[in-house]
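Given next, in structure tokens, is a single chain: the form predicted on its own.
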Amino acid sequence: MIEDILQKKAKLVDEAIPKFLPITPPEELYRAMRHLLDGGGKRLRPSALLLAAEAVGGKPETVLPAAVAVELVHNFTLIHDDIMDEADLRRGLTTVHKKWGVPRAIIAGDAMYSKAFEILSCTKSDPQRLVESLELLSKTCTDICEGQWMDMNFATRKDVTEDEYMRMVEKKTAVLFAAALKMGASLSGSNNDNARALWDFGRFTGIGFQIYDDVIDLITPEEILGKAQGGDIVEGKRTLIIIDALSKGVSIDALGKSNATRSEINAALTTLKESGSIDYAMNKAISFVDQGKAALSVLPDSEAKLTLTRLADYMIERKY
């Protein structure tokens, strides 16, 4: 099963994290940096990187530093996202800023960002390919920030289009998946066609992943999700679901209402379901994942390629 394969890849990453990011003085800083990392997570991005390496004939162990680097970038964005969203929980844990305070959480996130590049540079690969990967990860981090900025701007607008949302999602979420896959391939000696195919796979499935993530926020209970259900509604986020509903003239009273009651949020969830907007987003997610799987056609058949296909399906079948 795909979950078993992902758990094995995640274990490789879990075991590598303390080696590349040990608790050193000042210990409390590194504990803050390791807080979410040690709390687990699906490790989808680093696992995809390891699978991409295998899909082009490489060895996962060789690119483990790159996998850890990608996971650090992802977690640095989570720390900052939680600060901006004033979130209390992440993966069922107290968020970093709630545990250590906002100023220290910012420092922890910044340190993780810089450590990611230091760790990536430890990858044993052709120097030119390593430089290209450093450039790619750097540009990806800029794209993520641009996407987050767009996402925040959308919360104050009522006229966000679906095209704008797709561009935001590509930058905020999909490019890190795409970069992880391309880095795994390139650092393993892949030719340009295969590396590009894995980039496309990551971009399309990453968009599908984020759209489905927005669906999960609405349909999954807090005890499974690890954070409050319907949080995107209260925060006023213009997800594809909300954009579609608003385009149909649907009224969502709890949208952007920070003090919305549980009953108001539940009423909004019911409205969005009855409007068909949740199903619309679900179908869009499936469509993007299908495009991603089609991009893999240029790769030679292998167990790793099959696993990537299953990973794509998992992205729109998971419960949290």
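Start at 1 with the first residue shown and count on from there. The structure displayed is predicted, hence computed values, not measured ones.
Below: the form predicted together with a further copy of the same chain, not depicted.
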Sole residue of Ala111, Met166, Ala228, Ile219 within 4.5 Å of a further copy of the same chain in the model of the complex, by heavy atom: Ala111
Option touching a further copy of the same chain, based on a heavy atom within 4.5 Å in the model of the complex, out of Lys237, Arg91, Arg196, Arg104: Arg104
Non-hydrogen atom contact His80 with a further copy of the same chain in the model of the complex at 4.5 angstroms: yes
Partner proximity in the model of the complex: Ala32 to a further copy of the same chain, non-hydrogen atom cutoff 4.5 Å: yes
Lys139, heavy atom within 4.5 angstroms of a further copy of the same chain in the model of the complex: yes
Residue contact check: Leu130 to a further copy of the same chain in the model of the complex, 4.5 Å heavy atom: yes
Among 186-194, 238-246, 205-213, 152-160, the region lying within 4.5 Å of a further copy of the same chain in the model of the complex by heavy atom distance: 152-160
Members of 115-140 lying within 4.5 angstroms of a further copy of the same chain, judged by heavy atom, in the model of the complex: Lys115, Phe117, Glu118, Ser121, Cys122, Pro127, Gln128, Leu130, Val131, Leu134, Glu135, Ser138, Lys139
